[in-house]
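Take a look at this one chain, the form predicted on its own, written out in structure tokens.
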Amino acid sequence: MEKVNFRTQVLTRHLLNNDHRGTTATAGISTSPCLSYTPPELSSKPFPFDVNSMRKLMDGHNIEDRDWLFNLMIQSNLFNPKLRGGKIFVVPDYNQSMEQQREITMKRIQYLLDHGVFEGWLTGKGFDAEMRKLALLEVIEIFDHSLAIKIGVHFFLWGGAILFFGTKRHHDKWLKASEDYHIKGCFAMTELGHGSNVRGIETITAYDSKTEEFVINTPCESAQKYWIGGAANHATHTVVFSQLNIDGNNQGVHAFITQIRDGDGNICPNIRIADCGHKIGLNGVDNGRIWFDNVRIPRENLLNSVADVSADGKYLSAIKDPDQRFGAFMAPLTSGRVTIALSAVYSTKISLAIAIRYSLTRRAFSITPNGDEVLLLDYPSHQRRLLPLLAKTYAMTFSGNYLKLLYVKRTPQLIKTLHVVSSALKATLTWHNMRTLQECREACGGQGLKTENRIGQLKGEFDVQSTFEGDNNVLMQQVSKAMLAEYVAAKRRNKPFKDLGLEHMNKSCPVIPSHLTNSTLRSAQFQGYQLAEDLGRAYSDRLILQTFIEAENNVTDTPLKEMLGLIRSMYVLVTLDEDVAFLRYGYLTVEAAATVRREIVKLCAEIRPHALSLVSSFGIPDAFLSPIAFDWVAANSWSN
């Protein structure tokens, strides 16, 4: 009863003026003025660090090339510019039909081709060419996932297969033609019955020594090639992954260049193609299904960097072990996992920039009767929803940059490391992206449901990342397997760990203090120890922290360094708070876990004044965000 009386008194004080002498409830409520938009820049403190320097640190490279491409897209009506609330936004029109989205995607590709965006993407050599290509793909990803996937399939999968699986004869014939889009390629690996298990694919290719041709067949319905991006409408050629049968002996999975359409777009004889149909996202990509009925291709169309077949039908390979040979075939395919991980980070940046900017101008409820309503981001609960995700996104940006450099600078000795790192980060970063999109959608309320505000639509567009180019759970199992194998090998050799980032395990297991202080929780040494105690997911967490610390150590600007220290601490403590493994294995006591949580609340309050500067450092032009990130009142006015 006392609680009821107390709540009644609170409600009464809320409804009445401070002067309660004889006034009625209706007399105590005054009319609030209409809400208006105030740019967050006017109410936020001056930026404590140089935003451009932070952007350079995060984007890492090719800043001018990125800005050039942003401007190139803004200038063209092909990128659907719309005036909303006094600003121009370029966002795909998702109200278009599937057919219209596919058509406009190809028109955009032609526009980018005509303006030199793809110059050197397959014929360029060296570090600078690779980094420029990745930077421009990231910009395209910010505009539209369908456009980026369509381009990625052509250049990174089709083109990458020719580049890495092929030899000079293939490079000379196919690379320049593909770079100029005289040939439109796709990548036929996945089947109806086999996705992650590539070794189990059922397409069969035999060799006919009389005609010196390979003959490709789809022996059953489960062997049909499935989800092949570009196959349904536009691709003229594909790389077919198939079991190779020589004289009745299966030599395992190999790759073959096969034409599927002529120059006029007609499907080639003995090939059947069907559409995969409408999807929850990526409808600008024409995913198709392919069947092969005794399709004959020249012997030279075998991509033969790992193995070849002589004119008289002899199987030739310097790698005799089938497992090692299969590993050599799969090694170059890490490009897909790399680009997916990178694009996931930029998707989180878009959603956080929109949701945080909105929360810096949208108000809800007042603390006192007739007082001003409170900004959403001034509520501790709202801070707790968004700011830890912001810190994680910063941390994952640095790990993405590390992965990018590891890929571009790869050597044969680093193939195993690249596989493990790309698998771990692809899974972790795409999971983080989907979680962030959902939280940001909810944090924007009903406005998050509108397609023009991007976040809700991005959920459907990016959901596929959790399963394509490797199911995330399977990839994490591979990471754990590699960790265990390295551990067993090191113990068997009785030598210290030296690969896969496990060198910290050469030191003795740290003793965690029973009483955790503020300074201990924010120390890099404590944070490094704590994220070293699990497999799979924890390997990824610790790798992300390590790349963050390395990036932070290279910064000399004091304000920038201090801000990075806050963000790093938030990343680590949120990871400790969210992962029950630290409690399960006894590395944190219940009391220590409670201390961690309290520290997160403090960090939220410390980071809150800098939220605008932190999302501004993403370097995403206003036009690529959404109306609710700016004047959402004007954007929803009758005149709009």
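Since the structure is predicted, the reported quantities are computational estimates derived from the model, not experimental observations. From 1 onward, residues are counted along the sequence shown.
Unshown form predicted in complex with another copy of the chain; subsequent notes refer to it.
- Of the candidate stretches 129 to 137, 389 to 397, 189 to 197, 413 to 421, only 189 to 197 contains residues with a heavy atom within 4.5 Å of another copy of the chain in the predicted bound form.
- Contact between L42 and another copy of the chain in the predicted bound form is not found at the 4.5 Å heavy atom cutoff.
- Using a 4.5 angstroms threshold between heavy atoms, R493 stays clear of another copy of the chain in the predicted bound form.
- None of the heavy atoms of P559 is located within 4.5 Å of another copy of the chain in the predicted bound form.
- Not displayed here, another copy of the chain is approached by E99 to within 4.5 Å at the level of heavy atoms in the predicted bound form.
- Site residues W431, K450 and D463 are all in contact with another copy of the chain in the predicted bound form, judged by any heavy atom within 4.5 Å.
- Only one of K314, K82, H171, K279 comes within 4.5 Å of another copy of the chain in the predicted bound form through a heavy atom, and that residue is K279.
- Contact with another copy of the chain in the predicted bound form, judged by any heavy atom within 4.5 Å, is made by just one of P380, P298, G565, P369: P380.
- Annotation for 206 to 244: interface residues with another copy of the chain in the predicted bound form are P219, C220, E221, S222, Q224, Y226, W227 [heavy atom within 4.5 Å].
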